[in-house]
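Before any questions on binding or motion, here is one chain by itself as structure tokens, the form predicted alone.
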């Protein structure tokens, strides 16, 4: 059973010499096991801080981040949480295969390490490049290696922090399709942060809109099959998200779909 995430009144404040910054402000949110949730908002709205709190890279100032399996709390280490950053951060002196299996080094079972590495490379279409070095890879391929480094230890929750931000349009579009297929194949819980509204709609089955550290809206994406961002069906959803971020129109979010979308929130 895949693990879900529950945030209860989570806040994060950073102290500064002349005051403080409230990056995340009392978020309460539940992400169901196996959901694919995207978090979108303008720069500085708290997206990356939220991801760092879930991953354990930072601790909340108040509130709690919890992980649930079959409705019961489990520790973060038992849940298995992996994170993929915007930059691949590959080690240039290691091959693709060595970068992918780096997280497994130190374990005694070399045969199992090689098997998991090969499985991960095959899943991401990197078998032919296992002996290549990072300087020989395109941006998209390097990001695949970074994803493989996260997936190789089989986390139940995959966090992604604007992983396509530095890539060109065509590579981003291809990787979006790959990530959707990977989610369908593995059934893991995915949370992806982006500032790109179209990317949020293309990937997520639910879009969380953040503004000033708070949830401005939660938008279910009601499509059973993958739809690209240039499809007209996205127009009303895109407008809804932009209104929530910019506040140009008065807008009361419809919460009736939260439960069925696999995400619940209290503001």
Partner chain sequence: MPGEDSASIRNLRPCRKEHVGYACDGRSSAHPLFSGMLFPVLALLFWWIGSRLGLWNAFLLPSPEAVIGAAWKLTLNGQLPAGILSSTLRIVAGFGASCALALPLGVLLGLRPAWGRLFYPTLEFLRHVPPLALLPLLILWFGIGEGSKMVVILLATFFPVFLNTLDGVRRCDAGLIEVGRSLNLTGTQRFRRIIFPSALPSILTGLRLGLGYSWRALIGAELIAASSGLGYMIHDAESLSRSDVIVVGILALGLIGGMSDHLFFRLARAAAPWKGASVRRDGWD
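Residue numbers count along the first chain shown, from 1. Note that the coordinates shown come from a computational prediction; the quantities given were computed from them, not determined experimentally.
Below: the form predicted in complex with its partner chain, not depicted.
Asker: Can you check whether residue 149 is within 4.5 Å of its partner chain in the model of the complex, heavy atom basis?
Answerer: Yes, residue 149 is a contact residue.
Asker: With a cut-off of 4.5 Å between heavy atoms, is residue 242 one of the residues that contacts its partner chain in the model of the complex?
Answerer: Looking in the model of the complex, residue contacts with its partner chain do not include residue 242, since no heavy atom lies within 4.5 Å.
Asker: I'd like to check something about residue 170: if you look in the model of the complex, is any of its heavy atoms closer than or equal to 4.5 Å to a heavy atom of its partner chain?
Answerer: Because no heavy atom of residue 170 falls inside 4.5 Å of its partner chain in the model of the complex, the answer is no.
Asker: At the 4.5 Å heavy atom threshold, is residue 105 in contact with its partner chain in the model of the complex?
Answerer: Yes, residue 105 sits close enough to its partner chain in the model of the complex that at least one of its heavy atoms falls within 4.5 Å.
Asker: Taking the partner as it appears in the model of the complex, which of 175-183, 188-196, 110-118, 132-140 has residues with heavy atoms within 4.5 Å of its partner chain?
Answerer: In short, 132-140.
Asker: Just to be sure I understand the contacts: of 57, 212, 233, 64, which is the one whose heavy atoms reach within 4.5 angstroms of its partner chain in the model of the complex?
Answerer: Of the listed residues, the single hit is 57.
Asker: Note that its partner chain is not shown here; using its position in the model of the complex, name the residues of 72-96 with a heavy atom within 4.5 Å of it, in sequence order.
Answerer: The stretch 72-96, when checked against its partner chain in the model of the complex, contributes 81, 83, 85, 89, 90, 91, 92, 93 at the 4.5 Å heavy-atom cut-off.
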